[in-house]
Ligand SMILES: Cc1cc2nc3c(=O)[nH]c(=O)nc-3n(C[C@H](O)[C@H](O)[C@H](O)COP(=O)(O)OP(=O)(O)OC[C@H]3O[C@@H](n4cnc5c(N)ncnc54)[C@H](O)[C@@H]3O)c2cc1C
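In structure tokens, the next block holds one chain alone, the form predicted on its own.
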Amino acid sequence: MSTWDLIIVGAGPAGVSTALHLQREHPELAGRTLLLEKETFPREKYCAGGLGNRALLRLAKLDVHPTVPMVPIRRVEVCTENYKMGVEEPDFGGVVRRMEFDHALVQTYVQRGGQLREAAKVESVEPGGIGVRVKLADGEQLEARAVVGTDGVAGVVRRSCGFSGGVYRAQVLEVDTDPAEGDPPRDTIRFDASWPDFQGYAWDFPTLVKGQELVCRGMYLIRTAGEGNLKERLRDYLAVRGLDIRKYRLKPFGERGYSLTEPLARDRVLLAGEAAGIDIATGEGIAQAIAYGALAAPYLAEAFRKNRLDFSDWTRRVRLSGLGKNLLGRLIMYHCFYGDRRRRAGTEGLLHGSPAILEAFARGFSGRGPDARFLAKLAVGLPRGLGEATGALLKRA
């Protein structure tokens, strides 16, 4: 039986980020860490591919510079029932393909001496006594002092170790299509939340598929009763643009989202990335996954040094971190933005009257904090936005 100090299950951005941060900052633990991936790289991953510059800045601190095709983004556009808003952000980031981006990250990890097992599907994870037993589908058994679960929203670590199933807060359906008339420029991503009866949004992201300029489009649906058929929604959204849904491969997936009530650790088992929960308001996950790794690596190193592997304070550590506060803000946004709640709360008027609110989102995505000019703009715009929101509410009343 192969024995390790730490096994990381899942070699997506959260798992590789954890491993890369250990390599750079805690090599004594990194040398006794094994990264497992059920697929073989390069492997496909359904995702719109929005990559904020804040994620690239965090990777750059590790001297990690993924060289993959990317469409640079300099403008964000948001459409609601009554307004169309946009904001320029030169350092916003770009759109990548997860097949290429994840592969580049894992190659860096391996080139730096990291231990990776591909095609290693985990069948069960069994904590007990002084270690954790990891059983692979081919019958092999591995032993570790602790395990990190970064294997996604429906991962085996979560299922095996007594975590609740949680709630799938969103379902997603995406396609890669030809460009169409009415598309924004290729340096722009668009979020379309124009329908008050739809708890979610559509998106149009420019993308590169094998060198071909295409557009990744999709529907992001907050899961509530009576929303109707997501495929029909996407079909109609495409048809308006002269696109036939039957021509394209549909890619469905679900999102669990960050929760304030669910624990993120058990004795000797810790969750990170999508397995722990990401931004449910927009579905963004890559930057958060990398941030989870940056948070988990020093936490794990400290836990091993002190031989305190119950991880009892990991959930609290996440909540108090910058990552946790960001996810909490997005959770609040999720509760007040979608569907008719936008009109009932006057959120559309607030956003339209206070463009700095949208700018704050773009700045956060790019990794830029607030400066004096931005704060002044926010202070000037908020009263006008509140006025528009109040006017909209009075009109409805």
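These numbers were taken from a predicted model, which means no experiment stands behind them. The first residue of the sequence shown is number 1, and the count goes up from there.
If you look for the form predicted in complex with the named molecule, you will not find it shown, but the lines that follow are about it.
J.: Of these, 39 to 47, 22 to 30, 353 to 361, 57 to 65, which stretch puts a heavy atom within 4.5 angstroms of the named molecule in the predicted bound form?
T.: In short, 39 to 47.
J.: Could you work out which of Trp314, Phe163, Phe205, Phe101 is the residue within 4.5 angstroms of the named molecule in the predicted bound form, going by heavy atoms?
T.: None of the other options qualify; the answer is Phe205.
J.: Between the options Val122, Leu309, Val78, Leu238, which residue brings a heavy atom to within 4.5 Å of the named molecule in the predicted bound form?
T.: The residue from Val122, Leu309, Val78, Leu238 that makes the contact is Val122.
J.: Do Gly152 and the named molecule come within 4.5 Å of each other in the predicted bound form, heavy atoms counted?
T.: Contact with the named molecule, yes.
J.: Is there a heavy atom of Val156 no more than 4.5 Å from a heavy atom of the named molecule in the predicted bound form?
T.: Judged by the heavy-atom cut-off of 4.5 Å, Val156 is in contact with the named molecule in the predicted bound form.
J.: Quick check on Glu89: any heavy atom within 4.5 Å of the named molecule in the predicted bound form?
T.: So Glu89 does not count as contacting the named molecule.
J.: Heavy atoms within 4.5 Å of the named molecule in the predicted bound form: does Gly257 have any?
T.: No, Gly257 is distant from the partner.
J.: For the stretch 7 to 26, I need every residue with any heavy atom inside 4.5 Å of the named molecule in the predicted bound form, listed N to C.
T.: If the 4.5 Å heavy-atom criterion is applied to the named molecule in the predicted bound form, 7 to 26 yields Val9, Gly10, Ala11, Gly12, Pro13, Ala14, Gly15.
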